Each structure stands twice: as structure tokens, then as C-alpha cells.
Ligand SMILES: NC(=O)c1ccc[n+]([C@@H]2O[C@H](COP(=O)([O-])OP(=O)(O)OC[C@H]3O[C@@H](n4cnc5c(N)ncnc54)[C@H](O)[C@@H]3O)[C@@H](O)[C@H]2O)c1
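Listed next as C-alpha cells is one chain, alone, in the form predicted on its own.
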């Protein structure tokens, strides 16, 4: 299968591309190596992928129609996995126009390419943030999602709605996958688990926003990749699907897991809650189980140990 992965030099993109290489797919990645975090890390991901096997790289922006067309014309992808986006809830509060431009207009550009080049499947990387401040847990795909609490979440919901209109009007097979707090080796440096681990190793204070009882459905990246691959194989006409571990961990328990895995105590600094943060994320994955056979197998304890092994080796 010929697969084009946008944002393929990033955290999830790297792991997906590596799995696709292992399955003998023809993998192309498109990435603009933006400055959201150090581009050196993303370029290292690409070098590692190139050492693993054949890989075509397009250094391009999803807002650049000409370069997008070139990528589609040259690769003629049978599947597109659209992961490219400006990420992060808190930064989106500071620059909502950038998030709207890249995450919404960029997604339209990809869907326009799909309309013209007709890949067999199109997967859109969405987010658990679309559930907003809902207190009804676990989150089900049938829950209302019309009250996002950050611009980032709003752009992801907009992307889902755009995907639906293209699926209906242009007979495209599209799946929107709502990822729940993905972590693992090569995780972005600003994400909590990576940031906390670095602070513990460097004996810096960990900022704990709120009282530490907020809960997240932490999902190991290998399980997310398995869900993406499963969705590609089943290839429904249009579906929105949760991908999570379907288990929650408090912030304080997460820090305790990191302490145990790293063999070092953390220094905590409690701060007021931050705007845009959700108190809980918790995935109902019954639909994913039933529809695509999704079965997460890596619990938080094992996943944190794997992450700790990676970051200790990278330090």
C-alpha cells in the first residue's frame, strides 16, 4: 500500500511510518519542520526512518497547494493519514488565528487533494479535546461536542465536520480518530510526561496545575498506531472513533509512576489551574473494539517504564 503521512516527522507520525515500513508499505511523509518544538528532533526522526527502510520525504507546508499537489501527483497515495497540525491546548489560546489557519484551512487543502486524487482511505487525526468540559465520562462518540474550551479543540472539531462533508459529497472513505493523551518514546518535549521526566532528572520543580487530581486517559503510542492501522484496514465510509486506553490516571499518580520508573524523587510546585485544561479525559472504546478490533495492550505502568528507558538512554 502507498501511504502518505502528513506530520510524518513528528511523534505519532514517526511511530506510524516505522510500523508501515515494517509492513512493507510504500511510505511518504510530508512535514514542514516548524518551530513548535526543536526541528532538530524531527529531522532525527526522519534520518532514523530512512535508515530503517525506503522513505520519501516532502518538506512542505499543508498550506502550500503547489507542494501538496506535487506530493499527491508523485506518490498517488492509496491512503492518507493526516496528522499535521499546530498542537497544544494552551498555546492555542495565545494564537488562535494560526491554529485556525493551519488546522482548518490546511485540512481543507488535504481534503481537496483527496477529492481529486481519490485515495482509498483518508484518516484524520483528531483529539479528545473536542469533548470540552463535559463531566459525563467515559466520553462516547455519540456525546455532544459543541462546546470546546480551547481554539485547538475547536479546530479539531471543525476538521471532523469538514471530513464529514467531503465523505458525503464526494464519496470518500474517511475516519476521524480521536486520540487520548498519547505518550511514549520521542514524545514532544512540552508534553507533560516528557517535561516532567526531564524536570525530575534535572532536579527541577514540576509545575502541578490545580490540586493534582485531574485525570487523563494516557495512551501508549504503539496502541494508537495499532488503532490507525486497524482503521486503514477496515476503511469505513465515515466514522468518528475514540482511541484511548480507557483508563484514567491522576496527575499525582502519573508523577509517582515516573518517580518509580526513573528511580528519582520529584519536586512538586502547585499552581492555579490553567484556562483551557480539561479536568478529565476518559475514552469509551467500545465502538473501536467493535468496528476495527482495537485492543490497547500497554497499561500506564508498563508504558511509563518504556518511556523512562528511552529518555534515560537519550539523556
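Numbering follows the first chain given and starts at 1. Note that the structure is predicted; figures quoted are calculated from it, not measured.
Quick note: we don't show the form predicted together with the ligand, though the next part is all about it.
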Contact flag, residue 284 vs the ligand in the predicted bound form, heavy atom cut 4.5 Å = no
inquiry  = Residue-level contact is defined here as any heavy atom of the residue lying within 4.5 Å of the ligand in the predicted bound form; does residue 49 satisfy this criterion?
reply    = no
Heavy atom of residue 62 within 4.5 Å of the ligand in the predicted bound form = yes
key: Contact of residue 33 with the ligand in the predicted bound form (heavy atom, 4.5 Å)   = yes
message = The chain here is shown without the ligand. Which stretch in 183-191, 134-142, 168-176, 232-240 comes within 4.5 angstroms of it in the predicted bound form, by heavy atom distance?
response = 183-191
task = Just give me the single entry in 83, 80, 153, 163 that has a non-hydrogen atom within 4.5 angstroms of the ligand in the predicted bound form.
result = 83
remark   = If we test each of 292, 20, 12, 304 for a heavy atom within 4.5 Å of the ligand in the predicted bound form, the one that passes is 12
ask   = What residues of 119-153, in sequence order, lie within 4.5 Å of the ligand in the predicted bound form by heavy atom?
value = 125, 126, 127, 152
